[in-house]
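The chain that follows stands alone, in the form predicted alone, written as structure tokens.
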């Protein structure tokens, strides 16, 4: 096993949108924790919020906090009392470690921890409230760590949290029956994972979106029908494809301003809607239609219910594909270029991977502002 260095490269936040790659000490795992050598960390839309707006519980912009919550790597050191893992284990990591003591955590709702952001109470959210994977090494609590099979690459493993989020949402709405029609709105990483999960669970899957290139990926990973909303009204098309009834379930994964209302209009009477995409601003929804049609809307925060483990099992069985979603790779010192590529969807970017171990040395030997 490679010797653990004393210092490492890590991207840290100095202010809104001011992310710099610096040299900082390698952290040490405490009780119940492991030290992970990070091999891959994906960029997520939530990272854009962290960079510019600060989420609740996020550390201050003081040049010490490292974001990045979709990461994988190799365990290189064990904290006191850890016997669930061994040095050398390949690991996938989920975001949320609840406090374990509030009412919600005791009920298993750890992604809705009532002590969110309170480190003294034991809550942790990797890359959101504590340091994450845009670094060469990171500490994670064992409650958030899963052993990664050898045939799943580190880059592929970064999509397991995305899949786990969708699975948790499907759990929240009570699932659906094989043969039912599920409409997925938004062919981003969450939507493309939603397509695969709905298909794996036996649904007929309709995918709506604005970009033909992403809709093509949707077809490749299992969508039965794709609908380009720039060419046709998605509500009318979904209803036509379902004999006028509407979809049994709508998985809203886009976060577009009009998406929640469209979901209410395209789901059948008595149907269910999952809101999985974050909305930039408050949205307007016809609640009278919700009431008169006996509709139910569910929200799901993160990858609760240990669904990362379930998603990992599905990927290990070949039921989930991550490779078609991964479009770009960048070394750590180029993280700002990676974020720009993701945010602006340059060159057809879908999922952008940062590889910390390919960071190399900084030009001045200490830090880079990209």
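From a predicted model like this one, the values you see are computed outputs, not experimental measurements. Positions refer to the first chain, counted from 1.
The discussion below concerns the form predicted together with another copy of the chain, not included here.
Q: Check for me whether another copy of the chain, as it appears in the predicted bound form, comes within 4.5 angstroms of all of 139, 211 and 262 - heavy atoms only.
A: No, because 139, 211 and 262 lack any heavy atom that approaches another copy of the chain to within 4.5 Å in the predicted bound form.
Q: Closest heavy atom of residue 37 to another copy of the chain in the predicted bound form, within 4.5 Å or not?
A: Judged by the heavy-atom cut-off of 4.5 Å, residue 37 is well away from another copy of the chain in the predicted bound form.
Q: Is residue 149 close enough to touch another copy of the chain in the predicted bound form, meaning at least one heavy atom pair within 4.5 Å?
A: It does not: once another copy of the chain is placed as it appears in the predicted bound form, residue 149 has no heavy atom within 4.5 Å of it.
Q: Under a 4.5 Å heavy atom criterion, is residue 86 part of the interface with another copy of the chain in the predicted bound form?
A: Residue 86: no, not in contact with another copy of the chain in the predicted bound form.
Q: Whether residue 154 contacts another copy of the chain in the predicted bound form should be assessed with a 4.5 Å heavy atom distance threshold; does it?
A: No, no contact at 4.5 Å.
Q: If contact means any heavy atom within 4.5 Å, which of 68-76, 211-219, 165-173, 228-236 contacts another copy of the chain in the predicted bound form?
A: Going by heavy atoms within 4.5 Å, the stretch is 165-173.
Q: Of 29, 59, 333, 305, which residue is found within 4.5 angstroms of another copy of the chain in the predicted bound form when only non-hydrogen atoms are counted?
A: It is 305.
Q: To verify the annotation, which of these, 125, 206, 203, 266, has a non-hydrogen atom within 4.5 Å of another copy of the chain in the predicted bound form?
A: Residue within 4.5 Å of the partner: 203.
Q: What residues in 295-318 sit within 4.5 Å of another copy of the chain in the predicted bound form, counting heavy atoms only?
A: In sequence order, 295, 296, 297, 298, 299, 300, 301, 305, 306, 307, 310, 313, 314, 317 come within 4.5 Å of the partner.
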